[in-house]
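In the block that follows, a single chain appears as structure tokens, in the form predicted alone.
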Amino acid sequence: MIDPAALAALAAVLRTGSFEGAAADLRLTQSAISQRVKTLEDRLGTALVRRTRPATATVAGARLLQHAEEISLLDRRLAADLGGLLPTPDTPLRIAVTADSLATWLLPALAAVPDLLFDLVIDDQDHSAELLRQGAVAAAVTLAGGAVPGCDAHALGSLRYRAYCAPAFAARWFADGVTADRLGAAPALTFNQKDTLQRQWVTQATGGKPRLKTHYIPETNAITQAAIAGIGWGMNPTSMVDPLIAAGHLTEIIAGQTLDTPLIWQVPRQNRDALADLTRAMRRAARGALVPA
């Protein structure tokens, strides 16, 4: 039996990223938080927290964090079943989402479930499934085809992307046409080193696989603003860039050449009932914003 107070302290450290933050969150002293975590580590015989800035979970710590969130979800479900007789824990639900989803269609889904607090982990759709496998999150928006064993997978539809740049940038780099070589030479705008959208689009559009020169800008809206400023060419969801193309601030690199990324919402089966309302909200929001599967 794991001491619930020690488990809560560990979860708070990993959620806030520090022992100080956990102390403030739980209204305890930092020494009390440290002692509870150390007692839990001593009892289990393994480290649970990497004392870095921010503090991060070891493999064992991530599994215990998942356990803490599963308990919290069960408590919420029981509270609902008993008509509110039990208090609802003030523990944020940790879910993995993509930055582009957050910037476009996701917020209405979260707003539709006001009784939940959220701790959003931003990662590429190709890699958020791994967070689910590791037990680091309670649910995730992932790329279709990466179903995680033990999870319910709900198809959401596809997020459609368009490649674009500033008109002056296009005149400089693509005056003689858009080829794989020119796209490789022109500076691109990439979210992070996990982001493969640009390479996928270049291959789909030209058949080539050039090595791309790129800036790394880990913020969806900042990528669009960087393109407007002429720093590079980028890719973002059509709902974000189409108005800017229509206004003349941006131009499409190859007219009509879009890239669709199919998304799914994955929930471990033990969380299915507790997250049923969120699942319905995610599917409803996606139907109104994504390209049907």
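Rigid core: the largest C-alpha set superposing within 1.5 Å between the two forms. Worth saying up front: this structure is predicted, and the values here are computed from it rather than measured. Throughout, we count residues from 1 along the sequence that is shown.
The form predicted in complex with the DNA exists for this protein as well; it is not shown, and the discussion that follows is about that form.
The contact with the DNA in the model of the complex, taken as any heavy atom within 4.5 Å, belongs to 28 out of 28, 240, 254, 62. Of the heavy atoms in residue 32, some are within 4.5 Å of the DNA in the model of the complex. Contact annotation: residue 20 falls within 4.5 Å of the DNA in the model of the complex, judged by heavy atom distances. Proximity of residue 249 to the DNA in the model of the complex falls outside the 4.5 Å heavy atom cutoff.
Residue 38 belongs to the set of residues with a heavy atom inside 4.5 Å of the DNA in the model of the complex.
Shown alone, this chain has one stretch from 45-53, 260-268, 227-235, 240-248 that lies within 4.5 Å of the DNA in the model of the complex by heavy atoms: 45-53. In the core-superposed comparison between this form and the one not shown, residue 250 has its Cα shifted by less than 2 Å. If you fit the rigid core between this form and the one not shown, you'll see the Cα of residue 48 move by 2 angstroms or more. Relative to the superposed core, residue 271 undergoes a C-alpha shift smaller than 2 Å between this form and the one not shown. In contrast to the form presented, in the model of the complex the C-alpha positions of residue 49 and residue 271 spread farther apart by 3 Å or more.
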